[in-house]
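First, one chain by itself: the form predicted alone, in structure tokens.
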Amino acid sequence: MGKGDKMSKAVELSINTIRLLSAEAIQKSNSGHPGLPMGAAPMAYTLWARHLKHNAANPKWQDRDRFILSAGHGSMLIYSLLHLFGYDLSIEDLKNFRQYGSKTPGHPEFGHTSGVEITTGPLGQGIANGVGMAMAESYLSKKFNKPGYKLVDHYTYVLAGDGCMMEGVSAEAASLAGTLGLGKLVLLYDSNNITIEGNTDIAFREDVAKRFEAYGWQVLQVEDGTDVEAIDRALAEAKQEENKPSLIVVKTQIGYGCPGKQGKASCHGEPLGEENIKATKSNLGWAYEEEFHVPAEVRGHMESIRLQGMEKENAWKKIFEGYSREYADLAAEWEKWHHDGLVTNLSSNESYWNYDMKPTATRASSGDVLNRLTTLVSNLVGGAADLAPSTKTYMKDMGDFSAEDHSGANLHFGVREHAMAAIANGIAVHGGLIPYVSTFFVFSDYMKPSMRLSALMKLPVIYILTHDSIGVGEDGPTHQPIEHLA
């Protein structure tokens, strides 16, 4: 058997290990969603093994690629990947899937499981989070990269399903991403045409590829979701496009490998059943009887990939050493921006508290404070949902983040409140920046799902909400948020 044959066997075994670890963990917990992990395993493996720049030994390496499972219900996919690729997640952790206090909750949770970049579950959020991460990457690269020193050079990958594509927040975010030309954002669309209620034909017949082309995305197609080489080529092509985000439509079968469930809605959100798991193992040619088994060939294959990740970070560290010598001031600012919490002590800075005490509108006072902050907190970025002149949230002399120039700190979200907040979550978890967003208080209605996730993740996203209560009388009842604070 030649080297290529050995490799193809290791690849096939790795993909089937992802499928079966997922199915067995869900069966053991008697709860979960096996369909997506089984159908999406080839694309997830191909991304993680051949393209994702990451180091399991340091999940917080600042120049790692980011991976977001927007379809968070398929959480056993990411848990299986994290275990196999060497992160701090054991077989015992997989066996405790969905159990209270475990590292493997029903949906991925930021700050709880090593290697999980952001909390997902409410569909579509992950796509918008990815837009925020890609914006952060591009802004930081413009700030810190110098000739010979690519300190910031990574991609954001999102895996999403049909449900994510139906949610409005993903449409808002994708439209902005296309407008801004976020070339390092790659969205893998697990297109299996199945939701909980059945085939997507009952409620979702649009041409998603054409929609994303209209947004200004590069769109690539993979007709067979089990074709690792085709997926590999599509990912490579996506990375070549520098001026547009890329959508890769991957046609898959939900529950792939399970003879009695493959392609059916019944495997979306319920365990396969013991007999179906046995049938799946037989169908996939799985030669191991032990549950939660990881073949030795897979362990060896994954170890070689893990070592490559360590080498990549070590190479980056050498780049940073040279950068620190040649650009000492910028290196110091990099460390300051990536410090946990504010480096500046605002409360003891007397000049910060000296203001003209003449009567003024609260939003105007807020604007004064914001602009004074920019001189003390240099990594502030943010903006409003097309309301900065009204909410007084434009930072003077800080530039505009636009399709033509990603170096400006003022972000223009357009009239997209929900995506705005989700994008801010992505910027916050990316690291290096402190985001703020703004709109009228009444339109917090549009943002609540993302605001709730900000709170769940304890993220330092700043929400500036103006025009509150009955003071907006002449605008009428649609703009009077008298009940919102309660």
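All residue numbers refer to positions in the sequence shown, first residue = 1. Given the structure is predicted, the values throughout are model-derived calculations rather than measurements.
Although not depicted, the form predicted together with a small molecule is the subject of the following passage.
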Residues H54, E117 and G126 all lining the small molecule in the model of the complex, heavy atom within 4.5 Å: no
Stretch from 273-281, 177-185, 363-371, 161-169 whose residues place a heavy atom within 4.5 Å of the small molecule in the model of the complex: 161-169
Answer option from Q262, T195, S138, Q218, heavy atom within 4.5 Å of the small molecule in the model of the complex: T195
The unique member of H73, H301, H412, K103 whose heavy atoms fall within 4.5 Å of the small molecule in the model of the complex: H73
V437, heavy atom within 4.5 angstroms of the small molecule in the model of the complex: no
Proximity of L82 to the small molecule in the model of the complex, heavy atoms at 4.5 Å: no
Non-hydrogen atom contact H268 with the small molecule in the model of the complex at 4.5 angstroms: yes
Contact of V461 with the small molecule in the model of the complex (heavy atom, 4.5 Å): no
